[in-house]
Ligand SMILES: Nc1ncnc2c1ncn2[C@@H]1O[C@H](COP(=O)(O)OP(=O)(O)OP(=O)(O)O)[C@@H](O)[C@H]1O
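Let's start with one chain on its own, the form predicted on its own, as structure tokens.
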């Protein structure tokens, strides 16, 4: 089980959305992290065969993702998940199962199993328009698993969910990674930090880091500092260095900075986190219009 991307590139007019990305994905959860417009959705759509790369190729066990057979082993939850509001959860899954060519008896058994897995059994007969955002997202996960996919692509699945729903969702995704390739695209750092086996950091269409959490944060290890200083010093330091956190306190201004040398006499070196890395790379990211209309 291996999904290979070989120098995949995609351009929209004068915007290079994905720039020669090469990856090798095997069983497990991969967290694709980046600011909005970094290229995540375009990359994911190409991995799902929805978009064709301008150059490079994507293969699953030697099979091109454009082939019909690839659709049979693919599960996809897009960023904008469409549903029929007057359908019940069960009817919706049965309808999608029929579109996927799953026999009726098998479809019913699988739908019941997935409603149980996603904690929706108690609302199986209720109309989707009565569901909360979290319930709709869990139904989206359920539909993506109808064909027991070997590759599961989830694009911003926890966006808009409350903290409790996000934790529930993360736990579910973590379990799913035991049996398949799961690609989770997000800009929510904690979602990746808690469940990803491998973290992929994308910026301006390029893959700038990939590895385990420990490997990823090595890029700024020993470069994160904390100190509390007066307001004038705080202004000087934040103008000179990347400020990861600025907080006004009774005895001065608390700063969390990233820089290669000790920024102030009172500064203390602290352990770096994935959020520090994210803020370091994306604090100045103004990429919001980079992938219209896909991101």
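Positions refer to the first chain, counted from 1. Since this is a predicted model, take the numbers as computed values, not measurements.
Form predicted in complex with the named molecule: not shown, discussed below.
Segments offered: 225-233, 60-68, 248-256, 32-40. Contacting the named molecule in the model of the complex at heavy atom distances within 4.5 Å is 32-40. Contact check for residue 15: a heavy atom falls within 4.5 Å of the named molecule in the model of the complex. Looking at residue 156, you'd find a heavy atom of it within 4.5 angstroms of the named molecule in the model of the complex. Remark: residue 147 does not count among the residues lining the named molecule in the model of the complex, judged by a heavy atom distance of 4.5 Å or less. Taking the partner from the other structure, the named molecule in the model of the complex has a heavy atom within 4.5 Å of a heavy atom of residue 187. Checking 79, 210, 174, 88 for any heavy atom within 4.5 Å of the named molecule in the model of the complex turns up a single hit: 79.
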